[in-house]
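Presented below, as structure tokens, is a lone chain in the form predicted alone.
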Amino acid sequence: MAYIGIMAAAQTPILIAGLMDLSVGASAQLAGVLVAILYAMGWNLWLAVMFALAIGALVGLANAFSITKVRINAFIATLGMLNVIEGLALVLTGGLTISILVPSFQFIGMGEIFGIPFPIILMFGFFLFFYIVLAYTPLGRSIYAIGGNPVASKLCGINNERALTIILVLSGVSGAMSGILVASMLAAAAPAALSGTILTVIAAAILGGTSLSGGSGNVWGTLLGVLILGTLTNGLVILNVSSFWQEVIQGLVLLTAVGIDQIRQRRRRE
């Protein structure tokens, strides 16, 4: 679940700000594909990784432009970007899986430091980073203010557009890092490997107490949500539950999480 955790950590401030980034999973798909293709073309592997992260940032910047400048609804803007990026990943690969058999690259997804899997260290690093941003920086305070009341935050002198642009760019980078992590775990880039992960990402954040209405939430709650979903998924596999029923159960978990959030919001208003 480390790759889900990385995306969920970045999704948390976006949800707190009252937005939603549906394209983060597609950014992950594209990043893995780009690393594999560029390496096959003769690029230095780590240069290809940096390029993929930069493309993730560019996707976030494109989302920010659509939302803050063109004023497209965040749900529609990122949904459209999701389709564009997923289609591009399939076009670039022809729908085929591309191998990346490089031991140093596989360390990202399969290596250990002092007996701790590197993906876990990487995930905790992202959670710690976003915790510091939300708890100890002016950007974090701005994000909570925007989620609470975007008009009031603007009247208070907060640059809403700049704050939203920063967190959307960070989301794009986090998505790209997740895609690189998965490509390393599989030693290959599969263009459809991360399709549909955004629902799990959002469910983890909501289970952790982040509100879809914006203005409240924290990354450690999201981490708890990731662990709950990871335990549920692993438990279903161990119990040999059909993958079809797993989809049903995950959908019910998402609906339950949203329902709990709505009840929590109503009680707060009362």
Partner chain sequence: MTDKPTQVKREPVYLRLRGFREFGIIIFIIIISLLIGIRNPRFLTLGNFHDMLLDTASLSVLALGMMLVLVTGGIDLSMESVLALTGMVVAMTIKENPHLSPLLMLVLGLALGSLLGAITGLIVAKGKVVPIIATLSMMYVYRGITFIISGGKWVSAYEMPDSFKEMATGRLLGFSNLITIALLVYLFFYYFVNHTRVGREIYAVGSNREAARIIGINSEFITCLVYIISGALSGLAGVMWVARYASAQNDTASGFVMTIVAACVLGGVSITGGVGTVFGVLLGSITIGIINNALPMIRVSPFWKMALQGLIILVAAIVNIAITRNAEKSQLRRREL
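Values in this document were obtained by computation on a predicted structure and should not be read as measured data. Residue numbers count along the first chain shown, from 1.
Separately, the form predicted in complex with the partner chain exists; it is not shown, and the next lines address it.
*Asks:* Any of the heavy atoms of residue 84 lying within 4.5 Å of the partner chain in the predicted complex?
*Replies:* Output for residue 84 is yes: heavy atoms within 4.5 Å of the partner chain.
*Asks:* Given that the partner is absent here, does residue 73 sit within 4.5 Å of the partner chain in the predicted complex, heavy atoms only?
*Replies:* Residue-level check for residue 73: yes, a contact with the partner chain.
*Asks:* Report yes if any heavy atom of residue 266 sits within 4.5 Å of a heavy atom of the partner chain in the predicted complex; otherwise report no.
*Replies:* Heavy-atom contact with the partner chain at 4.5 Å: present for residue 266.
*Asks:* Within a 4.5 Å heavy atom cut-off, is residue 116 in contact with the partner chain in the predicted complex?
*Replies:* The answer is no: residue 116 has no heavy atom within 4.5 Å of the partner chain.
*Asks:* Tell me, please, which stretch of 49-57, 32-40, 203-211, 216-224 lies within 4.5 angstroms of the partner chain in the predicted complex when heavy atoms are compared?
*Replies:* Going by heavy atoms within 4.5 Å, the stretch is 203-211.
*Asks:* At 4.5 angstroms, heavy atoms only, are 245, 251 and 262 all close to the partner chain in the predicted complex?
*Replies:* Yes, all three are in contact.
*Asks:* Just to be sure I understand the contacts: of 133, 188, 90, 145, which is the one whose heavy atoms reach within 4.5 angstroms of the partner chain in the predicted complex?
*Replies:* Contact residue from the list: 90.
*Asks:* The partner chain isn't shown here, but in the predicted complex which of 139, 199, 122, 110 has a heavy atom within 4.5 Å of it?
*Replies:* Exactly one listed residue reaches within 4.5 Å, namely 199.
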